[in-house]
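Each of two forms of one protein chain follows alone as structure tokens, named structure 1 and structure 2.
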Structure 1
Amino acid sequence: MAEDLVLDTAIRDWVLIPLSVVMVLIGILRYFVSKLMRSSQVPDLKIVKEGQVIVRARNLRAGANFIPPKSFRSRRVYFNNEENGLLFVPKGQAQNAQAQMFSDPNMAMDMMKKNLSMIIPQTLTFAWVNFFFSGFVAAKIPFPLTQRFRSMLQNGIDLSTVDVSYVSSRSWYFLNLFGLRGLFSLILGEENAMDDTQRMMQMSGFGFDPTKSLSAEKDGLDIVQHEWALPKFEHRAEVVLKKLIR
């Protein structure tokens, strides 16, 4: 059963290598096409403002221990007070923002473009592989697999005696699909890897609500325990300088 099959070298030259090369090239092509199609959105003033406020509040929270207690408290009140604090959101506005996001056609269009640029090449490649390269063993995976993988990996090979580690070209396609992600992040830079995660974020957070992050930041700022670090620093400086002299 586990006898070594001898595969034709033509399979290597005309299936294995071309398939990998094509998938790499398609990945690169997709990257540049999606770069071209990316429309430069005109940022909404209100959203940008809120984003900047969040960044400022986060900076305050990160650097809280480096300013005196009084300054920290005054800044916190500036962000958090219930009348006109920057992070305070009146109850009625929360719904409004979400509805506005939904009604914006530009955003839906942009998302659709991104999704299409991902799905179309994949479907096309898959169809191409299925059409031309089905019905024969194309590769051997160098580790043993259980029988359960047979229907998945040996699609189109109707021999029950072939060892499961011999796989058809379709599984080679899937292996490429998942394995080349690392290679793409190396040759195309971080932008490609980030693109995918961003896409995920956009998909899951369709009705993304900026007011929610505002109030989350407000809560975070509220529970910060302030402890001024500077009084201890003279002592530290003494230790460090003494070490330098020695």
Structure 2
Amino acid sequence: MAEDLVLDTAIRDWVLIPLSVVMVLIGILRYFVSKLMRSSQVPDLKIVKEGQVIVRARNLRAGANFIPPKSFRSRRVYFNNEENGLLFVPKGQAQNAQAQMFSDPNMAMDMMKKNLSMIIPQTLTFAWVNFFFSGFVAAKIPFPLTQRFRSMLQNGIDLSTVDVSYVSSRSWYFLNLFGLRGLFSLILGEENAMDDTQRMMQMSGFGFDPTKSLSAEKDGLDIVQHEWALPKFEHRAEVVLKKLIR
């Protein structure tokens, strides 16, 4: 049977609030430090052109039914031609994103700086939380939860008699670590929000591979079934007007 605990107000004042404030301040400081460490790079003209081609191909697929069939077929041939099409990538010219990164030292250095700006503050903050705030029951969630949430909300507390809705100080650290994106978007702006989940996903990859996107757009254009929608507009307008009159 789970026991109800009475949380001391001192835990709120000296554990819960300081931990939240420190996480916000560290996130803001980490953003400005990473901004200072970021080096200005001249974008690759080939990658920019390939990105614009991908955008044009997507716009063609999205508005395919609003142009005549002959115009759509000529545009599709222009993009998907096996000889000189914009979306056609020969097998020998496909680039490996990992090899491209290791061949460019500036790209590898920027990636290392981003990873260091994420790993070092998180390691120091976790060591600080684990040393000073380990073992505290910091808060209680105002709704019941199942037992599956115990390992997530009560990290560092090995008591099965405590209700699942209680949150330990270490778990509160992880909740702040992954749940402050909305607050950072308000403070730093939507584009500058510090999202650690996205940073972790970026650490597992080595950047954008345009050849795969070109091949995917080429396949998407090949399977588009064109149906010109303009001849049917008069009938649609007639149906809409009849409904409005009724």
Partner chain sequence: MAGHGDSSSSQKKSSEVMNDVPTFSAENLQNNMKVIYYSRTFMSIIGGVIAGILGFTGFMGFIFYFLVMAVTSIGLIAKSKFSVHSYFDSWNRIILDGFMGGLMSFVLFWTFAYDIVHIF
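By rigid core we mean the largest C-alpha set that fits within 1.5 Å across both forms. One-based numbering along structure 1's sequence throughout. In this text the structure is predicted, and so the values were computed from the model without any measurement.
Enquirer: Report the structure number, 1 or 2, for the form predicted on its own.
Expert: It is the second structure (the form predicted on its own) rather than the first.
Enquirer: After fitting the rigid core, is the C-alpha of I157 off by 2 Å or more between structures 1 and 2?
Expert: Moves: yes, 2 Å or greater.
Enquirer: With both forms fitted on the core, give yes or no for whether the Cα of W172 moves by 2 angstroms or more between structures 1 and 2.
Expert: Yes, W172 moves 2 Å or more.
Enquirer: Please check if N115 moves between structures 1 and 2, taking a CA shift of 2 Å or more relative to the superposed core as movement.
Expert: N115: C-alpha displaced by less than 2 Å between structures 1 and 2.
Enquirer: So, with the core fitted, how far does R12 move at its Cα between structures 1 and 2, in angstrom?
Expert: So the C-alpha of R12 has moved 3.9 Å between structures 1 and 2.
Enquirer: Fitting the two forms on their rigid core, what distance in Å separates the Cα positions of P144 between structures 1 and 2?
Expert: Taking the core as reference, the C-alpha of P144 is shifted 8.3 Å.
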